[in-house]
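For reference, the chain that follows is the form predicted on its own, supplied as structure tokens.
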């Protein structure tokens, strides 16, 4: 046994494990190796799982709702059964035709104009965090733990109407769901689970109505009927989990990149108009999210036969680095203009919160660069990347070389 007690990887093509620390450290190298030797890898772990790494194969699966079900989107040892078409976290775990209704319900809350009103609060959160970082003249800080990991927590907490102080709970839930999926199931007291927490929060909203996303769901209807408690709980879980870890991972990975590229830092400061392109390029190069599907009907993809009920991972980050889809894919080109990246997924499940994620990432980089224009990695070997289906730095020690500006 090696890192984290997990068996060593024998061969990425036949025995991969996306939750292994080795995968977290060198995922882009793994994708490149597989792309050249075995574009659709397979492992017996998790009851049988496939990993396509070419853009064309990932796209084909993401668009095929006949042969691939979304009832399970987090690969683990405990495969859901008979949850289609609703799933446990609608709409991301929903199949047609239920998916369309559940998604349409949420669209107004994530429209561009609605997201714009959250930008001032996001900018304030960024500056509050930077104030704390710089207090006392600190020169070495953790840009992930002390900055990136707090921004979406504060925004989502306010949107959902839950206490910001529950941030540590959110991080615990995220680790269990995304970094160590399936581990410890059945061992925790129910009172320590995400389901218990959410049902308490939802009941509190019933007793004390307020104008937030949970209040919106409590008053929403589908086909003239109120949403079930399971639907509301699952959707809030989705917003909490998907709206936090994905964004803080993108922010952290972007700062990791900028810490190593003084030329890119200089460009962002001297040419602020490039930011709109830079955000998209950083999302392409460091896309955090890998989704999953369950094979609904036996089918062939990329020359292999996927059997019914197999897991299939959809590594959108690998698709974003496919040379068949992107020119110079392993380079970060800040002003790349032709950039149809898939950081937010493909098909019917393309990320509902993409407008929110873009706003948070742009704002977080803008405020950091405005006040900390010069910084570097304090110790490259101390950077720790998350395991599982969301990839980003969990620990990111940086050395502050210069500060500028104020609130």
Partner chain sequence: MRVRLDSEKCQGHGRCYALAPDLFESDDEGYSVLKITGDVPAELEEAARLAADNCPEFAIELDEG
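Numbering follows the first chain given and starts at 1. The structure presented is a predicted model; accordingly, all values stated were derived computationally and were not measured.
One more form of this protein exists, namely the form predicted in complex with its partner chain; it is left out here, but the text below deals with it.
Interface membership of residue 280, defined by any non-hydrogen atom within 4.5 Å of its partner chain in the model of the complex, is confirmed.
Under a 4.5 angstroms non-hydrogen atom cutoff, its partner chain in the model of the complex has residue 63 among its neighbouring residues. With a 4.5 Å cutoff on heavy atoms, residue 358 counts as touching its partner chain in the model of the complex. In the model of the complex, its partner chain sits beyond 4.5 Å of every heavy atom of residue 138.
The stretch from 207-215, 271-279, 300-308, 149-157 that comes within 4.5 Å of its partner chain in the model of the complex, counting heavy atoms only, is 271-279. Checked against its partner chain in the model of the complex, the residues 112, 97, 189, 120 give one hit for a heavy atom within 4.5 Å, which is 112. Put simply, of 103, 199, 175, 267 only one has a heavy atom within 4.5 Å of its partner chain in the model of the complex, and it is 103.
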